[in-house]
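Listed next as structure tokens is one chain, alone, in the form predicted alone.
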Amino acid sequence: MSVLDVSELSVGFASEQGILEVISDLSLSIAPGETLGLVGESGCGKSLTATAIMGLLPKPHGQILGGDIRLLGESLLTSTEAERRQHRGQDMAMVFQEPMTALNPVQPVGRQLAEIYQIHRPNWSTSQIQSRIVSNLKAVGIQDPESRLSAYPHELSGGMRQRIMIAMALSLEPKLLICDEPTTALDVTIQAQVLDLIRNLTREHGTAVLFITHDLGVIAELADRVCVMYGGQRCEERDVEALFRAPLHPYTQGLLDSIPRLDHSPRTRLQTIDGQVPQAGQFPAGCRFRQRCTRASAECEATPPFVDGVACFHPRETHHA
């Protein structure tokens, strides 16, 4: 059984023009111990997908318009708010992009770590909680963790704060870990350490991971499968090796072509995808990528079905046939 099953999920926001659908008919699943990479440009709906799964859509404007989200076989959309709060931390947890905005700046990190156990393990003693926190901090590579408990977030480095966030997310050994660009603000050395940390800890516990990023290099190193989003829709989903070796969707091809490569001549101009991601309410009819696509035809004015890992009337294999 999959840890997470998202089926035809649609998410919208109330506006003066009515309900604007931002995510449309998104489906994905993650098995125990598997890492699914979710990639795409800014504005494609990656973080909103994570927010919807966690039940943290801004109220009252954010709304689930259709579909289902199942965690360990249980629908989260039919759960009460109290049940959703119980799931968060206990069964699923999230590591946010910028720990300085996710951590409370006026509380020591030890108190913030303890709060998880006070909510989900109310029968635990203070000494039990303290012992577990110290153990968790050691597990994420923090030296002399006892001395860090009284520190405030601003007194710690960026890498240290992100390790605190990961320790917080993994406190109760959740079955699902969502990482929303957790390495974006870190230098490459700390980034590599954080990726190794996530990989090792999730393998030890068989955790399913949804890893959101715009960095395809990170995806190549960490993910088992990749889901590419564009305009709030899934346009390609395949095993990571197959996708990097022979991307089918022209958008995926464009993303890969934009990566700087060591085998290119010096000062070679980077390739780009002309145009930008359309905003909600301005999506074109049919394929949402067609206005930026070099393969677009009249056929693309209809919505392409998702078949054999790609939603495209002119995937790579057909295009080059």
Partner chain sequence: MTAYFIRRMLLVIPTFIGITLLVFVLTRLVPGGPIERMMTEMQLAQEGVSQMQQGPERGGVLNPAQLASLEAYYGFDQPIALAYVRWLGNVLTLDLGRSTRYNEPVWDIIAERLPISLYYGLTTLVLTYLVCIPLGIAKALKHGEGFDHSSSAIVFIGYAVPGYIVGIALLTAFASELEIFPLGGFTSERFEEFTLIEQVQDILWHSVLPLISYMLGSFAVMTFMMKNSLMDQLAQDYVRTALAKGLSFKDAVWKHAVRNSLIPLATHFGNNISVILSGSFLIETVFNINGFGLLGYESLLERDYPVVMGILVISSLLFLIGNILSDLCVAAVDPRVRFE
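Positions refer to the first chain, counted from 1. Fair warning: this is a prediction, and the values are worked out from it, not measured in the lab.
Beyond the structure shown, there is the form predicted in complex with its partner chain, which is absent from this document and is the topic of what follows.
Shown alone here, Ala242 lies farther than 4.5 Å from its partner chain in the predicted complex, counting heavy atoms only. Taking non-hydrogen atoms only, Gln112 approaches its partner chain to within 4.5 angstroms in the predicted complex. In the predicted complex, at least one heavy atom of Gly89 sits within 4.5 Å of its partner chain. The closest heavy atom approach of Phe96 to its partner chain in the predicted complex falls within 4.5 Å. Distance criterion of 4.5 Å from any heavy atom to its partner chain in the predicted complex singles out Leu103 from the list Leu201, Val226, Val194, Leu103. When you look in the predicted complex, the only residue of His214, Arg132, His120, Lys138 with a non-hydrogen atom within 4.5 Å of its partner chain is His120. Screening 24 to 32, 267 to 275, 282 to 290, 49 to 57 for residues having heavy atoms within 4.5 Å of its partner chain in the predicted complex returns a single hit, 49 to 57. The candidate spot formed by Leu248, Arg295 and Thr303 is out of contact with its partner chain in the predicted complex: none of the three has a heavy atom within 4.5 Å.
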